[in-house]
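Starting off, we have a lone chain in the form predicted on its own, written out as structure tokens.
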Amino acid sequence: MTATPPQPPEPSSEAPAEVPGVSRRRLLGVSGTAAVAGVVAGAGGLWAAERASGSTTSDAGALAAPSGAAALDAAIDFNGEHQAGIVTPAQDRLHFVALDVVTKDRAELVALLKTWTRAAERMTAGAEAAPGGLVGGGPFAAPEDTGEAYGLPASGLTVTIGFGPSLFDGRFGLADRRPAALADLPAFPGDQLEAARSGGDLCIQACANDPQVAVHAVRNLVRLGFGTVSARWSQLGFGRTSSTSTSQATPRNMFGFKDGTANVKAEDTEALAQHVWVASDDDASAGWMTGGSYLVARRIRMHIEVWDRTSLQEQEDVIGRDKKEGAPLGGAKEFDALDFARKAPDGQPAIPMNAHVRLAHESNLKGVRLLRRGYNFTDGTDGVGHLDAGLFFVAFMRDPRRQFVPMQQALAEKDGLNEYIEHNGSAVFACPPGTQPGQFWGQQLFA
């Protein structure tokens, strides 16, 4: 899976910082904190320059400019108005972890967030978690970087953080700063939630085009948090299950259907403002979330064996699209408009009344839309011979109460897909806005 890393040229004082495909080995050649920080800033600088030049209209456009392996290996700017990893074109791999804060000391939590921010900024640029992290600490100290991503390129790594409702329980003086939108999700019909796969004070979402790079990022952040946080649950994902950019083809989920055709795209800034980014007047007591977004995660197990014995006609009726093209039933092409009034030859709705696409469509939800960026997963078998596989649903939105809750309520009550799936994990987090150089994750919250 992991490609042979590009061999960088010998370091030269005149050589410009390499951005696409920049490798941790290359960065190690420029020793010292300041030098490495400069390269990190250089990677972000090119990204910022592309934005400022008007050559792109969005994060997605900037990333779409390169092609092939170089684009997959490229570094993505860490700093910005919004956190990376939300509208960033979805990478191929995910490592998601939810954590509990085990200290009651607010200063220790803030110190960890500062440390995490610096480490994440370095790793997204293709550097080690700390300068000289692999071997620079000498033979008698534990290395400051675990090393499994040494020599690999940045691989489009993004690291996104979120704060769970339980973080605002009074331990850290944040109770009066909890956003109203950060409400615990209600119980939905059919939920089979497991405590060991739900909740958390904090979450870290690491996405990359190389699974080892994503795992490395989470592993190092958790390592840095020893004594302050402990991992509560985690999920590995592969094969994005939606497109977050018009530059991406629509992927398929574990049921073999195209997924996310009608997703909010990064290039649609008006839709992002309306459905994804928190506005300054959304919540007077939670102004710190302006420019942020709310993340809902659901672990959805798919009953693969049952689905695989289901006829094609029934599969397509359950989804509401044909399996080959992804076209809405009654249509011909994937992006044809859904015609809910169209009748099939038998006089019944071409798209059944309980079809997934009908119930989830904005026209049936008073205009509700989400930015989805979930992943497929397989976690082996369940002990009785069935594949433990499915969709790790991740979506970003402006207010879960007005977006995810009504959508999931409609799906939980009527969706024909419910016969083939089971929700067994759930969590909601507030993802603060992005950082500027020198700031740390959640700085506005702790100010």
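Residues carry their position along the shown sequence, with the first being 1. Here the structure is a predicted model, which is why all the values come from computation and not from measurement.
Just so it is clear, the following notes concern the form predicted together with a further copy of the same chain, a form of the same protein that is not shown.
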query	finding
Position in contact with a further copy of the same chain when the complex is considered in the predicted complex, options Ala332, Ala337, Ala187, Ala249, heavy atoms within 4.5 Å	Ala249
Partner-contacting position among Trp288, Phe255, Phe172, Trp277 - heavy atom within 4.5 Å of a further copy of the same chain in the predicted complex	Phe255
Contact label in the predicted complex: Asn376 to a further copy of the same chain, heavy atom within 4.5 Å	yes
Contact label in the predicted complex: Gln212 to a further copy of the same chain, heavy atom within 4.5 Å	yes
Heavy atom of Leu365 within 4.5 Å of a further copy of the same chain in the predicted complex	no
Residue contact check: Ala410 to a further copy of the same chain in the predicted complex, 4.5 Å heavy atom	no
His82, His356 and Pro406 all contacting a further copy of the same chain in the predicted complex, non-hydrogen atom within 4.5 Å	no
Listed range touching a further copy of the same chain, judged in the predicted complex by heavy atoms within 4.5 Å, from 118-126, 136-144, 74-82, 179-187	136-144
Partner contacts for 418-447, taking a further copy of the same chain in the predicted complex and a 4.5 Å heavy atom cut-off	none
